[in-house]
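In the block that follows, a single chain appears as structure tokens, in the form predicted alone.
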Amino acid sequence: MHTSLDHLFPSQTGTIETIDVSPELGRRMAALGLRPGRRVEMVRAAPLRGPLQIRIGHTEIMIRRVDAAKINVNLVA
């Protein structure tokens, strides 16, 4: 099932399919490990539309919801 990263619930995992951002933001995301084919896990969603805490491998990062909405993932069962 395909969805955007901001729609994952805590503990849900997905594989990044596409990232629809500007080239500059795409380079910044790639430097953080956000690339197509990588598996990401939603750790925690801050209340009041705050940032999302996600895990990529052994690294955890915080990402704005508006940026997470531009990352399309395929849910992993």
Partner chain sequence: MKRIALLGMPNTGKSTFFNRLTGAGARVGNWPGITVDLLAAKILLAGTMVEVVDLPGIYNLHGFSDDEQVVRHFLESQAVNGLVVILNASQLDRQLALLLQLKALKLPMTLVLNMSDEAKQLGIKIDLAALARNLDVPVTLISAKYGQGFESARQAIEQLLHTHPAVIRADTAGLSQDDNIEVELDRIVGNTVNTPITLAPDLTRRLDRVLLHPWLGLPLFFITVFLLFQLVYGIGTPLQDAMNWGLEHIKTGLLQPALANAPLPVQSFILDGLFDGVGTVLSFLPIIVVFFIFMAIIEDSGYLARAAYLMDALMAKVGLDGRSFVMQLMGFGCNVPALMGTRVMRSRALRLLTMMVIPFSLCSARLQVFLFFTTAIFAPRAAAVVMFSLYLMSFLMAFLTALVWRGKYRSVEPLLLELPPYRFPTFKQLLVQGWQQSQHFLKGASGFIVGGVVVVWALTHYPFNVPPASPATLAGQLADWMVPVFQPLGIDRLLSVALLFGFIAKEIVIGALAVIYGAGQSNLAGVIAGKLDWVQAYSFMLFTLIYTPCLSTVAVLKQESKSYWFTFIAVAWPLGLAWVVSFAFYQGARALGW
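Positions refer to the first chain, counted from 1. All values reported here derive from a predicted model rather than from experimental measurement.
Just so it is clear, the following notes concern the form predicted in complex with its partner chain, a form of the same protein that is not shown.
Under a 4.5 angstroms non-hydrogen atom cutoff, its partner chain in the model of the complex has M62 among its neighbouring residues. In the model of the complex, none of the heavy atoms of D20 sits within 4.5 Å of a heavy atom of its partner chain. Within 4.5 Å of any heavy atom of its partner chain in the model of the complex lies no heavy atom of V40. When contacts are judged by a 4.5 Å heavy atom cut-off, T13 does not count as touching its partner chain in the model of the complex.
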